[in-house]
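Taking the form predicted on its own, here's one chain by itself in C-alpha cells.
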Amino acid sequence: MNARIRGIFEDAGVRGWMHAVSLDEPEASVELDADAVVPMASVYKLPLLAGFCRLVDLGELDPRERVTLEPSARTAGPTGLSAFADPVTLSLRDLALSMATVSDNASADALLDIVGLRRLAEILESFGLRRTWVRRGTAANLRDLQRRTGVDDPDAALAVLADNDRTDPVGVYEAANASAASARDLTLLLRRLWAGELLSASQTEFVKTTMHRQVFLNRLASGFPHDGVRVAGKTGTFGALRHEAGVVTLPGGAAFAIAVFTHAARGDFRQPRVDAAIGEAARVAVDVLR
C-alpha cells in the first residue's frame, strides 16, 4: 500500500507524507512517513481552532467578545478580512469561523495573538500532541520569507517561491523554522476531537460544523465526488507546500481522519495535479480502511 500511495505522489511530482485512520478502528491505518515533522502552512489554524475552543471551555475566553481589526494592522492574504478595505468589528468565534472556513490570515493572526503562543503550546501538549508546534502566525511567516528573499512586499516574496527559475531561499521549507507537525499527530487531534475527548459538547460541535463549512473542495474532497460523502477539513498552502487534514464521513457513517502533506517539485501558484493527488491518496486510504 505504501508503494501505491508513494506512486500517486510521484506521478504528481511531489514528495508526500500521510496518515489515515478509521475513527472506529484506530488500530488500523494507512501511512507514509507519518512521523516526519513537516511545515504546516495554514493547517496550523486547525490546532489553533482547537486551542481557542479549549480556552472557551475553561472560561478564559468569551467567544462573544468583540474585537475591531484595522486595515493597517491586518495580515495580508487573498480571503476573509485580509481582503477588506475598512475596519471590521466581530466576535472571537466569528474570527475563528473565518479563519477556518476561508483560511483568513487576518483572523488567524488576531486569534493567535489573543490565545498566545505559550498558552497554545500548553494546550496542545495537554491534548497529547508531541510532534506539533505552532511557532508563529502568518504575518511572522511572511516577514521571515521577506527577509530570506530580500524583498519588502509579501506578494513579491511569494512570487519568488513561485518562480521555477530561481532557487528556493535556504531554510524556507525547514520544519524547525515554521509551525510544523507530523501527519500522525494531526489525525490524533482529529480523532480525539471527533470523539469528544478534548472539548465540551458545544465546542466539539462548533469545531465539526466549522470544518464542514470549509469552502476549499479541491484537495481531500476531490477524492470523494459524491453528495453523500461529507468532508470536514483544513487546507494549507505555502509556496510549493500543499496540505490538508480532515475527517471524511461516508454515507453509512464510517469516518476516517486523514492528514496529507505534500512538497511539490515546482512552486507554481496553481497546481491542480497536486490537489487531485491529495484527494486520490485519501480515497485509496479509505478504500483500504473501510
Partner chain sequence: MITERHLQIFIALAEEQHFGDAARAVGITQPPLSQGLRRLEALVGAKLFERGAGGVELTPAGVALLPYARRALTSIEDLHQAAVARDPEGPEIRLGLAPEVPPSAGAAVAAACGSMIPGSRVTVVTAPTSSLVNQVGTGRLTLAAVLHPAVLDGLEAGPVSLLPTWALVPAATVDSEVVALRQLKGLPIAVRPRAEAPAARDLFLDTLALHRPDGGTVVVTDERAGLAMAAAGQAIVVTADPALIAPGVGRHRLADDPLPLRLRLVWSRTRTPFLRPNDVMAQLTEALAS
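What you see is a predicted model; the values in this text were computed from it and never measured. Positions refer to the first chain, counted from 1.
Below, we refer to the form predicted together with the partner chain, which is not included among the displayed structures.
S.K.: I'd like to know whether E25 contacts the partner chain in the predicted complex, with contact meaning heavy atoms within 4.5 angstroms.
M.R.: Although the partner chain is absent here, E25 would stay clear of it in the predicted complex, with no heavy atoms inside 4.5 Å.
S.K.: Can you work out whether N177 and the partner chain are in contact in the predicted complex, taking contact to mean some heavy atom pair no more than 4.5 Å apart?
M.R.: Looking in the predicted complex, residue contacts with the partner chain include N177, since a heavy atom lies within 4.5 Å.
S.K.: For E10, is any heavy atom within 4.5 Å of the partner chain in the predicted complex, or not?
M.R.: Yes, contact at 4.5 Å.
S.K.: Even though the partner isn't displayed, in the predicted complex is K208 close enough to the partner chain, meaning a heavy atom within 4.5 Å?
M.R.: It does not: once the partner chain is placed as it appears in the predicted complex, K208 has no heavy atom within 4.5 Å of it.
S.K.: Specify the contacting stretch among 111 to 119, 216 to 224, 126 to 134, 164 to 172, defined as having any heavy atom within 4.5 Å of the partner chain in the predicted complex.
M.R.: Within 4.5 Å of the partner lies stretch 164 to 172.
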